[in-house]
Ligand SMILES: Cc1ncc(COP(=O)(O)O)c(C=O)c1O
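Next up: a single chain in structure tokens, the form predicted alone.
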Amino acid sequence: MRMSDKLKSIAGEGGDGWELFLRARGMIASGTPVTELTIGEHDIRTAAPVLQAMHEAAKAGNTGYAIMHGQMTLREAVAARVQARTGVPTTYENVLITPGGQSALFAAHIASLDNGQTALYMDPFYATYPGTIRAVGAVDKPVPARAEHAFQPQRADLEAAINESTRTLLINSPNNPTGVIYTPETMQMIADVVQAHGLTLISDEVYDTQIWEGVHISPRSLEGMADHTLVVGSMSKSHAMTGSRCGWLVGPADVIDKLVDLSTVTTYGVPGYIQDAALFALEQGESFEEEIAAPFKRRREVTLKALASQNILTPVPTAGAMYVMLDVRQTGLTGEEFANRLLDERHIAVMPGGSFGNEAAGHVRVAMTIEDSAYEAALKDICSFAAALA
């Protein structure tokens, strides 16, 4: 059969940048021990009480076709959470329940872009961003957030990227891969640019419970932005429910209402027993979210302590999320060369910064996602490897 150009374009000409991850998984499958610090998945699994809630919901019969927008109780709980965190009046009418944050991201772009229009996103970026944009028939265009500016977007770079076909801007704070949180000044600048050019802002906030320094500001809370912003959220990072695939999109009520048409022809909703489990998890409150985030907060301190004893690897000041970015250029290697040699010679897998865009070249991303003592040992090995190279 003839494949559509749209399907063939999703990965892009350069692939998706995850070759090292796949190579590490191949080594593990062949029996080679590898310390894997690549993907953002908790080393703990979904909490037993959440699984019990899921089990009880399924046993009680909530296994049929789901309501397309999501169950009213869950939509109301998400709305209450968003309102409490941001101060923005939010009701169930502003919430669409989706099969994970990625589905919400796709829905946001479907809602705001027509074929051939341009969608901006900040570089460094989460790996699926350009493919998601191309999948809806739009033109993806990265905007640099440069290392010399601590990966904070600059107005001049945003303004330079906007043209007559530009319709959306996608941001992610706390940021994957850098761990950077956009400052209040950066967020206000972004809001000003969005409103000045009549853009839709898509804000990926799946790491909003992982804040180590500073504050997280949802741009939807800024003056005039509620009608210009779509917010992506998820149970995956905040509640360790990665495999359950339950997320949401928050935005203007008329957009959310119309997105039921997309759910009808794609996902047909999220299973009811999954939604019941998500509702149970949300009802456990902030203390449960803090418990899920605590290991990464500890490991951030371990990271800073380990890196303070050497001067070859320079960490990006990580203020949130479950990652640390390391500048490896003093070793004389590119990020890709460093990551591949680290895998071959020390059997430690990290992600080359170039997997997340041009602005992360010369860096590697380390996921703080294994048990504390193993993580500390891996960090020391990475520092030793870098010292030997330098």
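Source: prediction; values computed, not measured. A residue's number is simply how far along the shown sequence it sits, counting from 1.
This next part talks about the form predicted in complex with this ligand, which is not shown.
Only one of Y126, Y273, Y121, F106 comes within 4.5 Å of this ligand in the predicted complex through a heavy atom, and that residue is Y126. Checked against this ligand in the predicted complex, the residues P153, G269, P219, G100 give one hit for a heavy atom within 4.5 Å, which is G100.
Only one of 260 to 268, 202 to 210, 183 to 191, 78 to 86 places residue heavy atoms within 4.5 angstroms of this ligand in the predicted complex, namely 202 to 210. No residue of the trio T178, F296 and R300 has any heavy atom within 4.5 Å of this ligand in the predicted complex. Heavy atoms of R146 never reach within 4.5 Å of this ligand in the predicted complex, leaving it off the interface. Although the partner is absent from this view, H228 stays clear of this ligand in the predicted complex, with no non-hydrogen atom inside 4.5 angstroms.
Interface residue remark: N94 is not counted as part of the site for this ligand in the predicted complex, having no heavy atom within 4.5 Å. For Q71, no non-hydrogen atom is located within 4.5 Å of this ligand in the predicted complex, even though that partner is not displayed. Within 4.5 angstroms of this ligand in the predicted complex, the stretch 367 to 390 places no non-hydrogen atom at all.
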